[in-house]
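Coming up is one lone chain in structure tokens, specifically the form predicted on its own.
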């Protein structure tokens, strides 16, 4: 039995400690150590991921204790996708962070701790350890949000802490009810015991409700989303890109795992009310999230509310509960991580170069920052769902799954989400390419000189590094390239999806 699943979780924790110790001897040594650790993490994730797409998942029992008494790690096609996604995105964002900052050793140590928590959530086969890794992820995310300068970051982190702790407490309480009903915490054993107790048992229903609502808070499903706009807008640009790409994504993966690996589709069939609540939550998040995004003037808050809408699609796929919709959910999780993380990082690059952080300040951006504007435009169109991007493929599968299930109201909302998403991104694209650049206070004669003056004189500009440019351009390219590969990925995922639904 390979130790690789355990090493994938332990290694970033060890690297985090090394970064902290190195900081005691010499400050600003965190980035090269974190970068080296992230490269190793990507290598291990790719090796383990290649093994996860088989007919049987990779299983590892910690300490040699036989499941269900021991702690089990499980890697199938879906969890393999998550560990590779976490490793690759975190490495990409590190390339951006070298210049964009923050640059302290404690920041990079916390960064690696977040990677460990997200990886642990992805591979654990035990519900209590999912809670443990959920808390590690949360604590690291709170600290990263607070790493920005000024009171706004601190206030955003405090709000995130309070709401996130509430969600985690509900999740833990749900685990307690499930344990009282079954006497086990291993997901496979828990699934069998819940079926024996009966899906209509009050204990089982309460456990499901608490677990799902707790994860709704972490995913930021409306109206439990209030922490997200403040956290994303108040955090440093590097942190906004990282947590927007990964934290809610892995929490949504956890929801899929809880609903289908623990409670199974039979629970949803026996409790139509639970399915209806999921559908209602999905529809409301899609619509209200989009409407709130349209009303925003600050770019990062607009993108934050967009995430509320986009994760409504994942909740809709969970409610539909068929193979087509779940395949779409997996594709959309990957696509959203690339697209939304890329959008936040591009917005940060634009802000550090020109000082533009509002919708109106993006006027004429295509003229004086063509690469930045082009990357943002490609990622925005991918988020809308324009073919052949990965955003289109994910939405197509989810909508098709809703049609197959004859969930017509949800299908209409999912299809209309494209227009809703276009409503707020079209404003930005129109301003970038069809309006003149905003006049500067120093009466700059040419658009090209605006960048140089902002960087040189107003103190808000930071010349972007090659790593920053490479990261945002790579995200835009991946949004298109992964669209072409998404259908083949869906076929590779079929054994995992079939296992989840049986």
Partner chain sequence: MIDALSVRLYYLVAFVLIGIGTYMMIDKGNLVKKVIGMNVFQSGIFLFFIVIAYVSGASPPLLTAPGPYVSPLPHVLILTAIVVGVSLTAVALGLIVRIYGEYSTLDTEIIREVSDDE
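Note that this is a predicted model, so its numbers are computed, not measured. Residue numbers count along the first chain shown, from 1.
Although not depicted, the form predicted in complex with its partner chain is the subject of the following passage.
K.L.:
If we take heavy atoms and a 4.5 Å cut-off, which stretch out of 191-199, 341-349, 151-159, 76-84 is in contact with its partner chain in the predicted complex?
P.N.:
It is 151-159 that comes within 4.5 Å of the partner.
K.L.:
Determine whether any heavy atom of residue 361 comes within 4.5 Å of a heavy atom of its partner chain in the predicted complex, and answer yes or no.
P.N.:
Contact check for residue 361: no, nothing within 4.5 Å of its partner chain in the predicted complex.
K.L.:
In the predicted complex, does residue 295 have a heavy atom within 4.5 Å of its partner chain?
P.N.:
No, residue 295 sits far enough from its partner chain in the predicted complex that none of its heavy atoms falls within 4.5 Å.
K.L.:
Spell out, yes or no, whether the shortest heavy atom distance between residue 301 and its partner chain in the predicted complex is within 4.5 Å.
P.N.:
So residue 301 counts as contacting its partner chain.
K.L.:
Is there a heavy atom of residue 173 no more than 4.5 Å from a heavy atom of its partner chain in the predicted complex?
P.N.:
Judged by the heavy-atom cut-off of 4.5 Å, residue 173 is in contact with its partner chain in the predicted complex.
K.L.:
So its partner chain isn't shown here. In the predicted complex, which residue out of 208, 142, 222, 267 has a non-hydrogen atom within 4.5 Å of it?
P.N.:
After the contact test, the surviving option is 142.
K.L.:
Give me the residue from 99, 271, 104, 165 that has a heavy atom within 4.5 Å of its partner chain in the predicted complex.
P.N.:
Looking at the other structure, the residue within range turns out to be 165.
K.L.:
For the stretch 309-337, I need every residue with any heavy atom inside 4.5 Å of its partner chain in the predicted complex, listed N to C.
P.N.:
Heavy-atom contacts within 4.5 Å come from no residue here.
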